[in-house]
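Quick setup: the structure tokens below cover two forms of a single protein chain, split into structure 1 and structure 2.
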Structure 1
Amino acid sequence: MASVQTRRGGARGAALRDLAGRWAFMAPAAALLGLTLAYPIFYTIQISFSELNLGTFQPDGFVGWDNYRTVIEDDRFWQALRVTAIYLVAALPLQIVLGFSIAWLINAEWQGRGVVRALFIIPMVVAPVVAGGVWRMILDPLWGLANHLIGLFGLGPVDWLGDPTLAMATVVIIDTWRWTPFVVLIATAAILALPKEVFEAADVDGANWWYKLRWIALPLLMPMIAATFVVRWLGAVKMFDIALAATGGGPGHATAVINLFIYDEAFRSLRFAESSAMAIIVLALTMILTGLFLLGARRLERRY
């Protein structure tokens, strides 16, 4: 263990001080989050088991699992989970692979790379409403540039947003466009932090690029790949702004991800109790899956 004791005398006091010093690192974050999140999470759980009085926004009578039953019996809830799963399975690996590859590309040393790196973050900064709208503008079969270009080759028009399968692909494309820059941003820092000496030594040994990638770069990057994945996963589970701006969850239910559904139920239908129950279910599912990812990540970290 890394604990260091400076003097033998007063070891007990030093150990205590050391422990306090260690906890001091954890304390600000834990305290901030505890203070700001404890009540809201408690409230959400409480509401999910109650009827909500819209006159006070306080729980009005315990109803047991009723809200949960309502949610589970609602086929739209399952549909939304399915849609979310499809979106996550398609978008997450794509963004991680693309992000790390592009980070490697734009890290090539030349004068312009600082500017390229800075420009690359723009898709993340564009407000989702504007991003969704601009993409709609580009993809619309009537006045969109995309179909106009396809049309020059005698193809199309493709109904990017009106066809259920294509609409899902469109949402994945827009989301990937928006969030790959995040992966690039983090991956750039991770790649920059790689110890150059190891690669130079490998060069001297005449290792080929695949060997360097598979046996040197990948193991060194693994903690950051795992961390990026977990952060992106937690962000992606909550995605609804892009779907709302680009498709409104349609056509039909094709792109109605779970958080859009919760948003609709809470803010449009004012069914806060049911939406709280849904939020708790989603929280539980997210926790289980995140737990699995963390276990997997730890395994990977240990392996390399």
Structure 2
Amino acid sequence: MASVQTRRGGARGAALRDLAGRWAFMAPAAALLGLTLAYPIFYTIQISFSELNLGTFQPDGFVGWDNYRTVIEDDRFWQALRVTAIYLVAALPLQIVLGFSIAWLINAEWQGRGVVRALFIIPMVVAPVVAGGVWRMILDPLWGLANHLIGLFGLGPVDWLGDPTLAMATVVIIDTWRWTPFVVLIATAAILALPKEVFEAADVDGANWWYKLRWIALPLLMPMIAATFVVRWLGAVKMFDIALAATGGGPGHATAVINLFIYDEAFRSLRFAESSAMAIIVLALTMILTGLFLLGARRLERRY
């Protein structure tokens, strides 16, 4: 009995030492991250519960939940959230599907795939503001390259950025063009890590490419697909620069995603207290949804 308790105590001590070692490695980065993020977050929270003196740029008087009530009663805030939801629902699945599909194709054995892999990295390294500006020139209704090309087929000029429906689709296309290579890189690493023995056994059994994709590759890749979705979600929810450079939130408020709306309210309308309340609400919603996505990713990982 004593030996069993001794072994349990030793195992518990080893686990505690392992946990302490992990935290020792993480502590410097965690401390630096905390110092970097703590002040802006707490300052934003403080402003969201106060009036802001624009002369001193300091909180001037506690107002409680008044700023939050003002935000919740503002229809424009909910409209910006709806626009953001439309963008996320359209862009994220498209980028995940395209990214893993392209990665599957460029990892097949064919000549020149190395060049194609290198070319796919280019959009990812272009600055978002530059990408939005370049695409705005390409899609210009009068002298843009896109309308010139479709004009060769007898089609009339399209107002890509002036029509509310097309403007949102255009933002999704630009964002997909820029971020699909990121998904391709992750998917390529995941595909290269798949066990080759399983596919060789399937080849021996006479399985075609569709069978191997549907019943072998996809189940093995499902945890990585879920993890990639979470990573891309954290980036997409911060959408700001491409919408600002390409459409400026227009026409009307068709592409005014929530971060662009908060920016306009803070730095153009000088409603810093209300915009701080908006930022805290968006932060809370993002944390809740991210937690749900992580929970779903873990369940997929356990299932597969």
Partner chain sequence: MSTQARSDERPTLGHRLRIAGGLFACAVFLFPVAWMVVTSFKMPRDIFTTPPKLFFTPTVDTYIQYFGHAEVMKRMANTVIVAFGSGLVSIVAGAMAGYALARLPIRGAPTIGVIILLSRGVPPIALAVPMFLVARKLGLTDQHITLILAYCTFLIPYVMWLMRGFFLSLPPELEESALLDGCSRFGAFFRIILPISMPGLVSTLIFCVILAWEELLFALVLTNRNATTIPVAIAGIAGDTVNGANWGALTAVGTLTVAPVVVFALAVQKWLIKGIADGAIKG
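Predicted model only: the values in this text are computed from it and were never measured. For numbering, take structure 1's sequence and count from 1. Here the rigid core means the biggest group of C-alpha atoms that line up within 1.5 Å when the two forms are laid on top of each other.
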In this pair the form predicted alone turns out to be structure 2
How about Trp215 - superposed on the rigid core, does its CA move between the two structures by 2 Å or more?
yes
Relative to the superposed rigid core, does the CA atom of Leu19 travel 2 Å or more between the two structures?
yes
Students should find the CA displacement of Asp205 between the two structures, rigid core aligned, in Å, to be 4.2
How much does the C-alpha of Met224 move between the two structures, in Å, given a rigid core overlay?
3.0
